[in-house]
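Only one chain is included here, represented as structure tokens and corresponding to the form predicted on its own.
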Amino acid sequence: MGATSTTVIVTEGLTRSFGSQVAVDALTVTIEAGEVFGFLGHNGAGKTTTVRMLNGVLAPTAGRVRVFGLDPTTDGHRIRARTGVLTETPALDSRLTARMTLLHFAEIYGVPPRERTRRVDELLALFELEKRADSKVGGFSKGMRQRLALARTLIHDPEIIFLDEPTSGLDPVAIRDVHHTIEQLTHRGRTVFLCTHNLAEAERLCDRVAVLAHGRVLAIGTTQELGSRLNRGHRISLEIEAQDIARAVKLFAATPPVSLAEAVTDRTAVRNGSATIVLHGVSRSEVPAMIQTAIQHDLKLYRVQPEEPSLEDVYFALQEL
């Protein structure tokens, strides 16, 4: 199993079964240093099991894996010294203060004593916890606890950060802060392995994504790459006369390369006496042909808007939902 100098994670056919249940099925992926790699799937898709195998906490049933060129099954302790893991429900000792929590984990991870105080102060400031540094964690809100858990994950300055649903249950302000922190990490050259089922979050943050279902990867790539492979990912919206909506939907549904023509609710269009339809499977280069079709059939067009495929389009097309 080869790896370039910038490759930090490589798997080939990585598999993990629990009895007859296959949790991760033949995962093959390469992740480069400095990228945010999204691992997308519903609960039970195999995301957490994969993170455990990559960190040497769980042995694979089959396949091979290397992290930093090391085998997690034999060098797990060396890998974990260079990674940080934030679980979906991080455990924090409510009896400790935020400062005590970070100092404790700094000691566990072998941060040199002369650097611990400075490192703790930096993270308390980064996550805006300075004013509550000496308050017990038991009195923290969920958002504050999540920020402290993130700070704890970064205490030893890891090269790869594994985040398992990092914004689950947070309010919008806390979510924004977590997203900002992830962006800062990549600016510092850190690699982020983001497990999430939040498609908007993944689209905003990730350089590439892997879409999972029942432990198997359905596709890997950027949103644009995956959208290009899946014709359903491309679409355009047309604003037409409201009285022509049924005729337009029927016309375009039978016009290649349209895979689906549907009417959508557009309050502004309705107030203007018009209606909007969306044509799926139509790329930007095919817009002129759609306009020509509308003209030939006496459809009045008020607006034509090509839309790039979103991660939601890609995800549902892959899952066939």
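Throughout, we count residues from 1 along the sequence that is shown. A quick note: this is a predicted structure, and the numbers were derived from the prediction, not measured.
What comes next is about the form predicted in complex with a small molecule, which is not displayed.
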Self-check item: Partner contact for residue 277 in the model of the complex: the small molecule, 4.5 angstroms, heavy atom
Solution: no
Quiz item: Given that the partner is absent here, does residue 45 sit within 4.5 Å of the small molecule in the model of the complex, heavy atoms only?
Solution: yes
Exercise. Although the small molecule is absent from this view, report whether residue 49 comes within 4.5 Å of it in the model of the complex, heavy atoms only.
Key: yes
Exercise. Answer yes if any heavy atom of residue 23 is within 4.5 Å of a heavy atom of the small molecule in the model of the complex; otherwise answer no.
Key: yes
Exercise. Choose one stretch from 279-287, 60-68, 35-43, 253-261: the one whose residues place a heavy atom within 4.5 angstroms of the small molecule in the model of the complex.
Key: 35-43
